[in-house]
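Below sits a lone chain in structure tokens, taken as the form predicted on its own.
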Amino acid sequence: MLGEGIIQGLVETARNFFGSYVEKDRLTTVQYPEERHTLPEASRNFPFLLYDGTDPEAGLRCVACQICEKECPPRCIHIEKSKDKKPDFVGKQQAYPVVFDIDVAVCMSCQICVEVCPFDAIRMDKEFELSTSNRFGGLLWTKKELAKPNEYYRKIHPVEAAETDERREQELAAAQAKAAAAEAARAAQTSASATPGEASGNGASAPPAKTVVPQ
């Protein structure tokens, strides 16, 4: 019948309109900001930096490799690498960012910085209320505003965070096993090189040479 689809759409709209007065599930809007929808885990809005432990400086995962800065399409990331180094979670000496800034006004939330980061140091947040009255200083987020603990990451993206933690634990276990094997090899080499000296020092001295007197 001509117009059957239009009629069905109008009926569904009317059902939702009148049903919203008696069924809360039919409400398509909420009284924001007093009421808020629960955002799904896949929500992505703005990047933040991850750190382990309680100290944002000591536990920051970023090693200032500057890959995200180079790959960022709108060029909103600015990084300055440190001159010295600090150990990462596996004990390897790595540089760290002295300066890590992201321009909120320029960032397009494309998530490319997250995809190219090889150190699990940057992730996407769910926070979307980023407006500010300070159009100059308030739109440039520094390392202090960007750094958030791993517990926060587990809270907003539990599935993704669990996968990341498991992978990092495997990397740590592999690094510890490699270090233990290297230490055992060094100990075996030291023991092998010290064995001849120990044998000569256990009373097994060579007999004195005989003196030949000419006739």
Partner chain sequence: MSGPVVDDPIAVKPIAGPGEIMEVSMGPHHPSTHGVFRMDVRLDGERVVRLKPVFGYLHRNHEKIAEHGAYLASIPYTDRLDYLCSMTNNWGYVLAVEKLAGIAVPERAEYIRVIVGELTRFQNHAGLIGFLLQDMGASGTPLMYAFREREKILDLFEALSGARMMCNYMRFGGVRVDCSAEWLDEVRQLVGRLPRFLDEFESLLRANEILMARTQGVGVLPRELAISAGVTGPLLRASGVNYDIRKVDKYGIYDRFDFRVPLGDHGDVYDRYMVRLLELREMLKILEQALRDIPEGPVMDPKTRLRGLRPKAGEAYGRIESPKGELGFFLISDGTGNPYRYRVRPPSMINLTILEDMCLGQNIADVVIILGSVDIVLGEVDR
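Positions refer to the first chain, counted from 1. Owing to the predicted nature of the structure, the values given are computational and were not obtained by experimental measurement.
The discussion below concerns the form predicted in complex with its partner chain, not included here.
*Asks:* Though its partner chain is not shown, can you say which of L140, A95, V90, I112 has a heavy atom within 4.5 Å of it in the model of the complex?
*Replies:* Only one option qualifies, and that one is I112.
*Asks:* Quick one: from V159, A185, A42, A177, grab the residue that has a heavy atom within 4.5 Å of its partner chain in the model of the complex.
*Replies:* Checked against the cut-off, the match is A42.
*Asks:* In the model of the complex, does every one of V30, G59 and T164 come within 4.5 Å of its partner chain, counting any heavy atom?
*Replies:* No, because V30, G59 and T164 lack any heavy atom that approaches its partner chain to within 4.5 Å in the model of the complex.
*Asks:* Report the stretch among 164-172, 177-185, 144-152, 43-51 that approaches its partner chain in the model of the complex to within 4.5 Å, counting heavy atoms only.
*Replies:* The contacting stretch is 43-51.
*Asks:* Can you work out whether A64 and its partner chain are in contact in the model of the complex, taking contact to mean some heavy atom pair no more than 4.5 Å apart?
*Replies:* Taking the distances in the model of the complex, the answer for A64 is no, it never comes within 4.5 Å of its partner chain.
*Asks:* Contact with its partner chain in the model of the complex for S191, defined as at least one heavy atom pair within 4.5 Å: yes or no?
*Replies:* Close contact is absent here: in the model of the complex, S191 is far from its partner chain, nothing within 4.5 Å, heavy atoms only.
*Asks:* Just checking whether E71 would be counted as a contact of its partner chain in the model of the complex - the rule being heavy atoms within 4.5 angstroms.
*Replies:* Contact check for E71: yes, within 4.5 Å of its partner chain in the model of the complex.
*Asks:* Does its partner chain come within 4.5 Å of any heavy atom of K86 in the model of the complex?
*Replies:* The answer is no: K86 has no heavy atom within 4.5 Å of its partner chain.
*Asks:* What residues of 22-37, in sequence order, lie within 4.5 Å of its partner chain in the model of the complex by heavy atom?
*Replies:* E23, D25, R26, T28, in sequence order.
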